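Presented below, as structure tokens, is a lone chain in the form predicted alone.
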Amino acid sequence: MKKSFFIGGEWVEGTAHAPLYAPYSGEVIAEIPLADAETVNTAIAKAEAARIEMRQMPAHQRGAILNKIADIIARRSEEAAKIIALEAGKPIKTARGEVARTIQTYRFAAEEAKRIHGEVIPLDAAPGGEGRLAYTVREPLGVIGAITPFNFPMNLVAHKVGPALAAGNTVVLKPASQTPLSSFFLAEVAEEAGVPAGALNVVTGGGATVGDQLVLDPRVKAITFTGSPAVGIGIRNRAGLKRVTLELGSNSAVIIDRDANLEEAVARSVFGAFAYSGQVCISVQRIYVVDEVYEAFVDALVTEAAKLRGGDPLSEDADYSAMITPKETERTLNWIHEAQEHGAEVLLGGQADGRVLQPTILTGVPAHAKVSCQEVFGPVVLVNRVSSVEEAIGYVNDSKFGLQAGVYTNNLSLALKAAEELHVGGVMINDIPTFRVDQMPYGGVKESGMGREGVKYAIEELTEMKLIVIKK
């Protein structure tokens, strides 16, 4: 199945293609076009040409188009889930959940399109400000470069495309090389929904060609990127005065206090650690458990995780499947072995079954081991013993990342102390850091990024404020 670019409202054939392999079977599932500099330039030019139409489009019309996108995806939801399962190796049950969230994200974008407003400024609060009316408005930036990851190939695209279109911007979308089919599916949907030609363009190819050109081209006014810290920092360093939103890495942690509801904490931790084989930015990677309940928590965690079943992502029985590439599986296994060399004990998993890496639980992992201090982005979680929540907070903060963290405790004062002292973008009390709904502000500190997603908050990132002052 040979695919084409979507540029200026038309399907454009590429001159070179690369095979796309299914993570689980290793079979070729599509031929993906590879953009050259001229192709990227054309996409940017088409987005620039559509800028005025999108800027002038009434809010109710933008909202109606976004709602229609949601309606079409809902109608084709099973097809969408199978695309995700096939190209991303995401179990079909989990893929259906992503599609449901994608629909909600576009619906939130449709609502927020009608709520972009400014405020009246009381200038007479300052001497010399009398006799003037002042107010602010928010205006679209123009062409947005959106660079998206493989792990949520529909919903994380929606978190960039939805707010951009809601605000009246145009988009050049570069999806992850492993998951372009979801973005081509979106292009079909957008075409049917009546998105103006050029308002959404989908261009596939290498980051060194497509991504770099988006970052450096002066017609592109903002970059919204989700991916690795190394690439994100490189984008920030080269973007000049462009607006930049970065959602980067994490090694998210959860703290279990002595009075926690262990049954709930274990169930949620198994989900947070092993959903989509841990290939989630806010996957539970580190668990710190207070002494008194450590043994009981670990025993229950191993028991529940052992019930998970791996297999073909299109199977209704699969809880997990192959990681995105064999290379990533090999890297993760190497990190597990490195932790063992530093004294860690493998309580569950630690090996691959064909192309599928088993859910892995480690204990006794030193803070300097890669599976502790870097982002493993695989089905691996460490569980370490601590004497107190305060000690655990220190371990959580001793990281170059700071996306989200979770704390299980029934002590209100301790919960508030943790919320204040944890240096992360979001603190979840009595839940895991993997919790996210699509209208909440989402983003991190330190090397976890800058700026916030969540539709309303993304719109703020993708618009600029203008002040109008009228002398009466």
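Predicted, not measured: the structure shown is a model, and the values here were computed from it. Note that residue numbering follows the sequence shown and begins at 1.
There is also a form predicted together with a small molecule; it is not shown, and the following applies to it.
The small molecule is not drawn, but in the model of the complex it has a heavy atom within 4.5 Å of residue 212.
Within this chain, residue 403 lines the site of the small molecule in the model of the complex, having a heavy atom no more than 4.5 Å away. Of the heavy atoms in residue 108, none are within 4.5 Å of the small molecule in the model of the complex. Proximity of residue 177 to the small molecule in the model of the complex falls within the 4.5 Å heavy atom cutoff. For a residue to qualify, one of its non-hydrogen atoms must sit within 4.5 Å of the small molecule in the model of the complex; all three of 147, 207 and 228 qualify. Proximity to the small molecule in the model of the complex, taken as heavy atoms within 4.5 Å, picks out 229 to 237 from the listed stretches 76 to 84, 100 to 108, 229 to 237, 309 to 317.
A heavy atom within 4.5 Å of the small molecule in the model of the complex is found for exactly one of 245, 269, 399, 151: 151. Taking a 4.5 Å heavy atom cutoff to the small molecule in the model of the complex, the contact residue among 377, 294, 184, 335 is 377.
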